[in-house]
Structures are given as C-alpha cells and as structure tokens.
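A lone chain, given as structure tokens: the form predicted on its own.
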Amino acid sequence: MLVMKNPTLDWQPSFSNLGATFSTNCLPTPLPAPIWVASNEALLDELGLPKHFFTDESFLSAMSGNTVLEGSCPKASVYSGHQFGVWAGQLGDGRAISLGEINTPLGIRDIQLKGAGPTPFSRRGDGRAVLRSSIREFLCSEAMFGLGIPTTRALCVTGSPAKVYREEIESAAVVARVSPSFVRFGHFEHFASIGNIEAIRALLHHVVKTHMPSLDMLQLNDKQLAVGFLEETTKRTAQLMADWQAVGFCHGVMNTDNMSILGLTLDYGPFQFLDGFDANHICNHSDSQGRYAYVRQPQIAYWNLFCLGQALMPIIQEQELALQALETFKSLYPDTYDMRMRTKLGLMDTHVNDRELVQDLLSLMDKDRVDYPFFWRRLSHCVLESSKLVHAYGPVRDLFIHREEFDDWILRYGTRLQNSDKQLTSKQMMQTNPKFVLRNHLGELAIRQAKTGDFSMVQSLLHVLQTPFDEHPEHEEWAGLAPEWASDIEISCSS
C-alpha cells in the first residue's frame, strides 16, 4: 500500500505503547474510485488540520483507506462484551481501523476509519460500512455535539461504487471518526474474561494517565485507582444518560461494547430522536424484547456499569468498594435529569414539586403521543407571549388530545413561573430546547439524495445541526412535525 507523505501530523499509535495484547496492526483495504461525500470544515479547523484537506486527492485517498498517511499506525483493537444482555465473548474492531492519535488544539484525538475493510476481528464479516449508515453516523455525531452532548465526532465521509451486501445491495462508504479515546467497557471485560489481570492494570493506568489527569495526580495505589476510575466513569455515564433522556435520544443498541469509558455517545447505528413521545419506544427493530427502549436506557447504563465493575474486581478485590463507586449513579442520574428538565421548562430555582410537574407532563405527552422536540420549542415561544396574552399557550394546547388535562397542567406550570422574568425565561429555554434535531425522516431524505450522487442536503443538514438552537429560517420545514411516512422507517443494527 502506498504511503502518503504528510509532515504536518505527528502520529502516535492508538493505545500508546501498550503492545500487541491490545491491538493488531491492520492496513485498510482500498476502495475503487473514492469520492468525497461529506466534510466537516468546523472540526477540521478545531483539529488544526491542513486547510486543503478536503480538496486534496491524497487526503481523499487516505480517508478512503487507499493510502496510509506517513507516520500513522493503522490498528484494530480487541474487546469483548455483553450484547442484548448476553455474554458474546471476543468481539473487537470488526470494521473500524484506528490510524493513530494526534496532538491537536483540542488535545489528543484518535482518528478512526469505519468501513475501511476487514480486520482480524471481523468474524467473517466484510469490514465495510454502507453509504446509508455512514451518513447517519456523520450527521448524528455532529448533531449531538451541537446539542452539547458528549460524543465522538465525525470528520468526513467518503464513498465508492463498490457493492456491499446487507438487507439489499448498497454502495460502500467510510466515515472518519474522531475521539479522545475509543476505549469501551468491553475492553476491560475482555481481559477480565481471559484472566489477564496485568492487561487490566496496564489499560487502567493508560486511560487514567491519558484521559483522567485529575485522578492520576492523586498518586493512588492500584485498588484506589480502579475505584476512582469506576466512580468517574459512573458519573460521566449518569450525566450522559440524563442528556439523552432530556433531549429524547434513543441509542438503540447499548451493548457493553458500545459504551465509552469517557461517557461519550459511541457507535451510531439504530439511533433515533423521538418524534411523538412514547416512553416505551423501541428504535431498533432488531430489539424484539425492547431491552433498549427509550425509558430503559438509564437502567441499562447502570447494568452495564456493573459489568465494568465486575471486570475491575481483580484489581478492586473488595466488592463493597466497587458498589460504593457504582452507587453514585443512583443519585447523580435523577438529580442531573431533574436539573436538565427544569432548564427545559425555564425554571430558575428548585421546588419540591418539580419532579411531579415533569412526570405529569411526560405522562400526558405519552398518552397523546405529542411530538417531543416540537412541543418544547413551541413552549419556549409561548412562555414569552404569556406575559402579554391571556391565551398564549393555545398553540401548545393544540398539540394535545386530552386538553382539559393539559389545562390543569399549564395552570400549575404558570403558577410556577409567575414570579419569573418571561423574556429571560424564554431566552433560556430557546438555548436549551433545540429547534432542529436529526429526525429519522430528515436523515432518510438526505440519504435518498446522496444515493443519486447529490450530497447537498447532507452538507446543509450538517450546517443546521451544528447550530440547532438558531432559527435558520431558510430551513423552517426541517423544524416541523414529522410526516406520517416517518413512522414506517425501520432501523436496525445494520443502519
């Protein structure tokens, strides 16, 4: 494979120098006739990468896996995990190859090509990604970042006429993912499952030293370090779940191998932002038991953290210490979620009945399948009008079927807001309740266009989703209610 000279990047191998126990050298497999599909100029600038990156054919070749950037160290890592609650054994990067880590203005960032061909961990798979799934991951990574939710990022998507066989024949694509780390719960589970305690210890020290410097500075012994790491990951995961639930995001496949030890949203497959609010919504049609339904996501995250805790037991040794670290989830998640929901409602202080106010609203929205993002944005507008108009909440009321119940709720809400500055409250809500989220039908429309060779909607959506709280009047239709056909879109683990 050709090596492309590039003096501007200083590469280090992913997993630093931990060795072959953790990752295997693995060259990408070239794709024929690659083309640029989507590019993220904002992230390019944040990373300090060359300005000509997206106009340079040599970078196109490198991001498609056809050439190797000089100094990069392509590797695939091994991990294991629980999938749908069942131990799946060894897994690993089956279709992702990390080029290595670079120092950037954002800090250390690992650049990974997803869909760049088979690896030693592909388990007879082709190691490819399709255009459809690559566009979805590209857009949602940046949509979540725009919402202020911890996530991996996406630099670009390249495409190729090469055929990939899934439920149907599709064209191949590669998405370049960017993250401080792609270490998962499943990395620790893997080494625990084979009894390699030294590997657990080495990985623990690597993660803490590289990504949790405040914990590293405490000069703890291994037991204390493992407990501190588990507690820190528990806290980050609890806060991530509060973010997901508040914005109405469904991940769809919360296996332990899809959980980031840094509390980042990782691996965008069958995800969905809620349209009509349904607490029991299952966005992954492969999830026949509803394990990863929207309402269950915090519970599943807690279960996954227990799996991580179990993997760390050879270092922690004392069960009570692990349980104490995990216990932080029980208070931090509901407290953080309450805070997120109060902010969505524009409540500047805390009241004993706030949780009941939120739960009663969600129960009514669930009963009437009220559009989740549309409701919150419309409410944000109506709060401003409520200081001037008697019937200011009429546009919100129109979204409900059981309007008398809504009238009772809005009376309580109005009482809660009676001493607030409505202009300031509305402004806060506008900065909290996005006008735009990546609804399934928007992604589907962009994908349909892309399949014809027109990538303009992908780039336009990216622009809007990077600033989802802004008005973007030229794309007003993207902020409307989901069309009826949106409910017919099926997404699965191949999505």
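Small disclaimer: the values here were computed from a predicted structure and weren't measured. A residue's number is simply how far along the shown sequence it sits, counting from 1.
Missing here is the form predicted together with a small molecule; even so, the following discussion is about that form.
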Looking in the model of the complex, is the small molecule within 4.5 angstroms of a heavy atom from every one of L113, S160 and E170? no
Where does the small molecule sit in the model of the complex: which of 120 to 128, 346 to 354, 393 to 401, 197 to 205, heavy atoms within 4.5 Å? 120 to 128
Does at least one non-hydrogen atom of R166 fall within 4.5 angstroms of the small molecule in the model of the complex? yes
Please check if Q83 has a heavy atom lying within 4.5 Å of any heavy atom of the small molecule in the model of the complex. yes
Would you classify G100 as touching the small molecule in the model of the complex, given a 4.5 Å non-hydrogen atom cut-off? no
Test of understanding: in the model of the complex, would S286 fall inside 4.5 Å of the small molecule by heavy atoms? no
Partner-free chain; cross-checking the small molecule in the model of the complex, the single residue of R95, K422, H211, R340 with a heavy atom within 4.5 Å is R95
In the model of the complex, the residue from Y333, Y79, W376, F229 that sits within 4.5 Å of the small molecule by heavy atoms: Y79
